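The chain that follows stands alone, in the form predicted alone, written as structure tokens.
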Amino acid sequence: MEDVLKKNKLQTLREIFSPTSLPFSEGLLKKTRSVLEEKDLPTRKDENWKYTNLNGLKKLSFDKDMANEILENPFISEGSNRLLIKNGVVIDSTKTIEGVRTNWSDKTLPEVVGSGVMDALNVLHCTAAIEIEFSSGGKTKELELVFENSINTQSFPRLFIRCKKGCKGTVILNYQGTTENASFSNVSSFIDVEENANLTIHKIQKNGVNAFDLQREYVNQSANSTFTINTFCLSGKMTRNDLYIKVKGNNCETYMNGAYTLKGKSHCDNHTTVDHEVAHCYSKELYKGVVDGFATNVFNGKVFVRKDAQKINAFQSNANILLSETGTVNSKPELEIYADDVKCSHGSTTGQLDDEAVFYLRSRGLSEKAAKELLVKAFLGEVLEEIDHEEVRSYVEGQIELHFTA
């Protein structure tokens, strides 16, 4: 009886969403349907979802009402190629950007899939599939994708990003929602960084206060490659990021940076996994954020160092500041090491702003709010310094300032 109830609960959720119209193969659709028949939505009984509750998904209502607010210019980068995905659908799919494919009417969709319920839902209800390739001699070096949700809607994008051998590329994933937006985004991204390639992803999540945003990135790194991902969780009712990185080649460098500014009743959950399978690699992970009001932050970072992965240097750090007595932080950095010649460290801190520092700044003429804003900007500055894109950095700095005024 319990299994039946679970299936009915998941079926109720599935009935909210429209089926995909993209040309997936019947074999892939059958495979993903079988996942949903065997599994239920994650619950707090699952270790990886211990602090994140998905029950609110079943209360979503997509009535398509337009929001009063209009996003006039959601783009961040002036110099990049641009692609707009509005309310789950690619706008002007006939627009030609070198190395980007969005029209799959006569093409075969990649059948790369994850293994969980959310990945299965992403296939069966996919609203847009986008393939990006940075290749030698290609003119496209930087691309900004804006995922704009201006109505209460569902969005199931699938992204395939490939940085070919010896190439360099930058992708800005810009998720924007109107203030009162109650959308649901469920994103699956599959990323390949080939030998000697260098790929950077900047991900900005600025969703409506009632929006659910669940995302997964699956990354494969080949020898001598460099991969960087900067994640900024700025607003939304629930934000969940699952980042899986497999380092499969020697002499790789991996950088993961994150900053979050949470307030109200927002919930943010960052889960990261770096799997060092071979020797002579370096990874650095730095996540920092501020939690205000009744907001909740979750961080779970895990680094694997396999038996043959000697000479690994892995650094992991999570730091939080609580701006209220009602905010919550759950932090769990982890190392799982099977090699003996490595340099690995991890750490986590959670505290409040230094009262003496606030008092000092107020004695110099600053208001309490201005003093706290200055200290928060300094606290998050370590992450912002890692951003090598001036427009992205400037945008995030501006959003941090808005945290204290909005």
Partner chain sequence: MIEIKNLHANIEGKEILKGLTLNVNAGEVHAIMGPNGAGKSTLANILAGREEYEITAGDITFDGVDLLALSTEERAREGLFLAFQYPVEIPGVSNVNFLRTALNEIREAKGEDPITAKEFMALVREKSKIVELDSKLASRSVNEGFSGGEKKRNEIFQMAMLNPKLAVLDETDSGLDIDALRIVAKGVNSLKSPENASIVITHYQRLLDHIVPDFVHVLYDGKIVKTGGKELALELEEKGYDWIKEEMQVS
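All of these numbers come straight from a predicted model, not from anything done at the bench. Residue numbers count along the first chain shown, from 1.
We do not show the form predicted together with its partner chain, though everything after this point is about it.
Asker: Can you tell me whether D341 touches its partner chain? I mean in the model of the complex, with a 4.5 angstroms heavy atom cut-off.
Answerer: Residue-level check for D341: no, no contact with its partner chain.
Asker: Look up in the model of the complex whether E368 has a non-hydrogen atom within 4.5 angstroms of its partner chain, and give yes or no.
Answerer: Yes - in the model of the complex, heavy atoms of E368 and its partner chain come within 4.5 Å of each other.
Asker: I'd like to check something about L36: if you look in the model of the complex, is any of its heavy atoms closer than or equal to 4.5 Å to a heavy atom of its partner chain?
Answerer: Judged by the heavy-atom cut-off of 4.5 Å, L36 is well away from its partner chain in the model of the complex.
Asker: Whether L60 contacts its partner chain in the model of the complex should be assessed with a 4.5 Å heavy atom distance threshold; does it?
Answerer: Result no; L60 lies far from its partner chain in the model of the complex.
Asker: Okay, which stretch from 24 to 32, 39 to 47, 342 to 350, 360 to 368 lines its partner chain in the model of the complex, with non-hydrogen atoms inside 4.5 Å?
Answerer: Stretch with heavy atoms near the partner: 360 to 368.
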